[in-house]
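Given next, in structure tokens, is a single chain: the form predicted alone.
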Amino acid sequence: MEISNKVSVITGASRGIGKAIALRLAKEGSHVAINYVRNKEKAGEVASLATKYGVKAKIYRADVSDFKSVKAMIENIVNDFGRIDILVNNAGIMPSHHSILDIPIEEWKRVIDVNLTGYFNVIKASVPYMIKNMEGKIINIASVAGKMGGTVGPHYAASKAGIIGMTFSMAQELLRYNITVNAVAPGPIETELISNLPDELKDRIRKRVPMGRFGTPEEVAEAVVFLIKCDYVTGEVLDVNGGYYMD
């Protein structure tokens, strides 16, 4: 797929990985619909930066865990842009508790609702428009935690493992419509989510990365671009983790 002049929806794009992906796709010439849930000002800043590449950019508020809100957002995007070609599911939350002994039931449910059900909601709302055009690219941002468990909690790992399984299933189902579905599984990436972790936990995570550093959001964005451009890849999970799996 040529990214230029396509319409991309990026969830959780007001900061971090989502912001880097939105700007990278804008640089490639894609119009971008930027989803956010809390920080309208930051989302607006991303849209402003994106328009400098000569593309159209608008912001849309929706909690991805609420299907009605998501459906309304997607309808508004289609009304504004006319179509949806690319969907990057990125919106997610990092848990506050990391041990099964300490995790409140409410936190477990919230992490699953946002990180996993949220992805399902956005895909379900978007896919009919892709089917109509018989073309589409879906990229799900998973995590190394979905493969190895990680260090930030079983609820986070479960949500990301669920994303990987959902990616495999949807890739098989949607291929008949010329829609590819892939995932990127980042290792520890230098974002606000990482920076807000306790220093002891950050040091422990960093030591597990063979390259000895956190990745950058821009490095994840490059992987997303590859999966969009390469039409012969579907049902794949691309690791961007500094060799983390070698530990």
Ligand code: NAP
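One-based numbering along the sequence shown. Here the structure is a predicted model, which means the values were calculated and not measured.
One more form of this protein exists, namely the form predicted together with the named molecule; it is left out here, but the text below deals with it.
Contact with the named molecule in the model of the complex, defined as a heavy atom within 4.5 Å, is made by none of Ile139, Glu173 and Leu227. Proximity to the named molecule in the model of the complex, taken as heavy atoms within 4.5 Å, picks out 86 to 94 from the listed stretches 131 to 139, 165 to 173, 86 to 94, 99 to 107.
Comment: the named molecule is not present in this chain, but in the model of the complex one of Ala221, Ala62, Ala57, Val181 has a heavy atom within 4.5 Å of it, namely Ala62. Residue Val114 is the only one of Met148, Val114, Val78, Val127 with a heavy atom lying within 4.5 Å of the named molecule in the model of the complex.
When the named molecule is considered in the model of the complex, Ile17 lines it closely, a heavy atom lying within 4.5 Å. When contacts are judged by a 4.5 Å heavy atom cut-off, Leu193 counts as touching the named molecule in the model of the complex. Proximity of Ser143 to the named molecule in the model of the complex: non-hydrogen atoms within 4.5 Å are present. When the named molecule is considered in the model of the complex, Arg38 lines it closely, a heavy atom lying within 4.5 Å.
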